[in-house]
Structure formats: C-alpha cells, structure tokens
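Below you'll find only one chain, the form predicted on its own, shown as structure tokens.
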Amino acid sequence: MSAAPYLHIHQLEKRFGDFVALQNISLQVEEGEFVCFLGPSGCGKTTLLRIIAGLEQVQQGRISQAGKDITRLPPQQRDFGIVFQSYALFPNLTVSENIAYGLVNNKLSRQDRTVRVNDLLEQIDLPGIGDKFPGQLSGGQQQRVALARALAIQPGLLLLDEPLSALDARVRLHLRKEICELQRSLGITTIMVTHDQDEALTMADRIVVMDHGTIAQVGTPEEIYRHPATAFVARFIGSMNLLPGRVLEGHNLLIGDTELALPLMLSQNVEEGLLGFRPEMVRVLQGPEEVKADTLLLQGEVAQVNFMGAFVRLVVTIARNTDIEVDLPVQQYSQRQLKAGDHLQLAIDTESLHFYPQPPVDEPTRVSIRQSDPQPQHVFAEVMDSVMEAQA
C-alpha cells in the first residue's frame, strides 16, 4: 500500500437536469486494490465509473489519479483500460487485431505487438485463437478477449462495468476466479461495477455499497457482511431479519404484540427502529440450556421448512404477523427433523444484533433516469482513436 491513495475522489456531485445522480461522493482507492461498486440499478455506480473514465463530467468535486488531477481531462488523457458488459469487440477484426487495437500507434514494432498480443492470449488462457473472429467465440471467451484488450495498453487503472452479468452462472464463476488471479498477478488497481453481492464478496478487497446516489458504506467484504452500517446495506448484502419495533422504557422493544428485552443500549431519543440479525446467527436451543446474560431469547413456531442445499431455512413465527428466518446446517437439521408446527426456543448473541433507528421522515422516492449512452464499442473506439491521435 502506498502512503498516498492511487485514486482520490473528493465530494463529487453529478446531476442530470434536476435529478441528482451522485451526491457528496468521497473515496480513496489504494494502488493495487480491487474495489467493487455494489448496489441496485439506479444507485449511481455506473455513473461514478463513467466519471472516473471521463465519459461523464461532474458539476463539482475533484478526482486525482497517481497525484494528477484528472477531473476535467478527456478520456484519451486518462490512464485506464475499460471492459464493458457487452464485450464491445469489433466483429470485423480478428481476436489479435481487437487486442492490438490500442497498440497500433504506440511506436511498438509489428513484431513487438505480436509478442504482446500472444503474451496476453497466454495470460487469459486462450492461446492460438488470434486468427478467429469474435463471432466464433463463446461469451466467456469474448469477455476474456475484451479483458486482454483493456490490459494491452498496460493501464494504471482497470475499470470493469458489470463484466460478468451477461454470462451464464458456470462461466461467471470460472471467470471470477480468473479475473482475480490476473488482477493480483499484475497488481493493477481495479474498480468493478456490479449488482451481484456474491461477486463483490468473493472478488473485492473492499466494497463500496451505493444507495440513492450516495455511499452507504465502505469496507472489506467481512466488515460489510458482519457489520452493515444501515438497514439498506443489511437488506442488500445477504439475508437479514429486520423486525420493526417500538422502543419502550428499559431498552425493551415491542415487536407486534410481543415485548422483547434487548441486550442492547438504545438511545433514549429513539422511538422506533429495525432490529436486525442474520438467519445463520440464530441458535435453536435444545431443551434446558444455559445462555449468556447478554443474549436475546425468542420463542416461536415453525411455519415453513425450506431445503436450500447446504442448509435448511426455517420460517418461524415469533409474534402476531411477524416471521423470522433461521438457517440450520443440514446435519443439524437432520438430527432434529423439525417440521411445521414445532415450537422452538431461539437465542441470538448480542454481537450478532443490529438496531437501526427509523428516520423521522420517509426517504423521497428516487426516479431512475436511464441515459441514452452510446454503444460501448463506439465509446471504446472513440477513446482509443483519440489516444492514437495524441500519440501521433
């Protein structure tokens, strides 16, 4: 890790007319990091990536890369390679010609360009396909070629715009591993946009969770999963029980018609909020069992039993109109053979509990505005043509 961040984003704001797409975005990315922008459609993650690439301009804020202010620089004067969701390969060019597109005017000899292309084909595990055309390749192969083309110019920053979302599940899992291994072997600073939480959790060094044009939380995958900062993050990452309740005196919480004694310190100014805990953090007690004093105890009746493969998910009714999910390892479920109608005693340790105070007013409804972006291959061609003109 370097002393100064490789990429420094400071208080960015982006508007489309009266619509605020990004607000007060500040972020630091270290050299060699793999960072994922994660969030639902319309949260601003792709807009932020396009701003970093220079494909969108900001109303205010600043971006610096390797100590250089790039806020107002056009794309061709920025040091990045980009891979789009739709590959954006030129169908009339061979694989080798696609990969070498950005190398044509960089003063490399034809022989050196050929060596560079062949090295990249080896790196993406596709040697010997240089003479093929994109239409002759599978989706996974095309995406790897697009990755090689982005890396050909040896950029300081690699930008990935949902690069795996168009692939089937099996190919997607394989490419996750390949991209991570390649990124780590090259040590290239990488930012990937995704709406897939599994991709972010398995690939990223750090995750930037975005919500309504703002950053909701930044942290390692473990931090984001174990300690979600907001109810939105808790909902979006993994499965989370979120129970609305009214705060009573003595730190008790009224959920439905059931009063719970919470082993948490709640602010005296909070009237309502959401109690959160992961389904896998709920223990099913077996008969009389000693529990720690700082443990939340629940009682409930099994409403549903759902086999999920590696685990069994129970839907348990703990209060009137209030159900929670409880995940049990298959082995533990097999020992108990629980069924609908069984009564359970449940326990959740304090460190697994989260309480999210309810805001005084509802959040405004966000209207998603889809910009009529140019086709990715046209964007790529425009950027690379400008690069070659600048080098000429």
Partner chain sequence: MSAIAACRLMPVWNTEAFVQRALLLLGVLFLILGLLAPLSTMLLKSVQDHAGNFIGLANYAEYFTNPALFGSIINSLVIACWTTVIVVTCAFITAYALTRSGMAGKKGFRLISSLPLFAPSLLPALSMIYLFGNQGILKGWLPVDSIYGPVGIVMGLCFWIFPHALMILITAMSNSDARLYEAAKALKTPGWRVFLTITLPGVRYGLVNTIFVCFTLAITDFGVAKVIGGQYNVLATDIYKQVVGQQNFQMGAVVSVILLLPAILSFWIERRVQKRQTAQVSARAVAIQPESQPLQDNLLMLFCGGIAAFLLLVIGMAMYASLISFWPYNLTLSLDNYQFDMMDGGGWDSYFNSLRMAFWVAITGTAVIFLLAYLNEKVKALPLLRKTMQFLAMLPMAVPGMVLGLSYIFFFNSPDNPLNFMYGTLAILVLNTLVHFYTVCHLTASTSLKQIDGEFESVSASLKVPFYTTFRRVTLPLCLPAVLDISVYLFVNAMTTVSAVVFLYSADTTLASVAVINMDEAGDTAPAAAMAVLLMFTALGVKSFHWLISRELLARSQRWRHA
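Numbering follows the first chain given and starts at 1. The model shown is predicted, which means the values in this text are computed figures rather than measured ones.
There is another form of the same protein, the form predicted in complex with its partner chain; it is not shown, and what comes next is about it.
Undergrad: Taking the shortest heavy atom distance, is Pro74 within 4.5 Å of its partner chain in the predicted bound form?
TA: Answer yes; at least one heavy atom of Pro74 falls within 4.5 Å of its partner chain in the predicted bound form.
Undergrad: Since only the chain is shown here, I'm wondering whether Ile82 would be in contact with its partner chain in the predicted bound form (any heavy atom pair within 4.5 Å).
TA: Yes, Ile82 sits close enough to its partner chain in the predicted bound form that at least one of its heavy atoms falls within 4.5 Å.
Undergrad: Hey, in the predicted bound form, is Thr220 touching its partner chain, heavy atoms inside 4.5 Å?
TA: Answer no; every heavy atom of Thr220 is more than 4.5 Å from its partner chain in the predicted bound form.
Undergrad: Although the partner isn't part of this model, could you tell me whether Arg278 comes within 4.5 Å of its partner chain in the predicted bound form, counting any heavy atom of the residue?
TA: Arg278: no, not in contact with its partner chain in the predicted bound form.
Undergrad: Select, from the options 30 to 38, 60 to 68, 335 to 343, 319 to 327, the stretch whose residues sit within 4.5 angstroms of its partner chain in the predicted bound form by heavy atom distance.
TA: Result of the contact check: 60 to 68.
Undergrad: Out of His212, Arg78, Arg116, Arg172, which one falls within 4.5 Å of its partner chain in the predicted bound form, going by heavy atoms?
TA: Partner contact (heavy atom, 4.5 Å) among the options: Arg78.
Undergrad: Which residue, Leu167, Leu182, Ala88, Leu243, has a heavy atom that falls within 4.5 Å of its partner chain in the predicted bound form?
TA: When its partner chain is considered in the predicted bound form, the option within 4.5 Å is Ala88.
Undergrad: Counting only non-hydrogen atoms and a 4.5 Å threshold, tell me whether Asn92, Phe133 and Gln136 all contact its partner chain in the predicted bound form.
TA: Checked in the predicted bound form: all three residues contact its partner chain.
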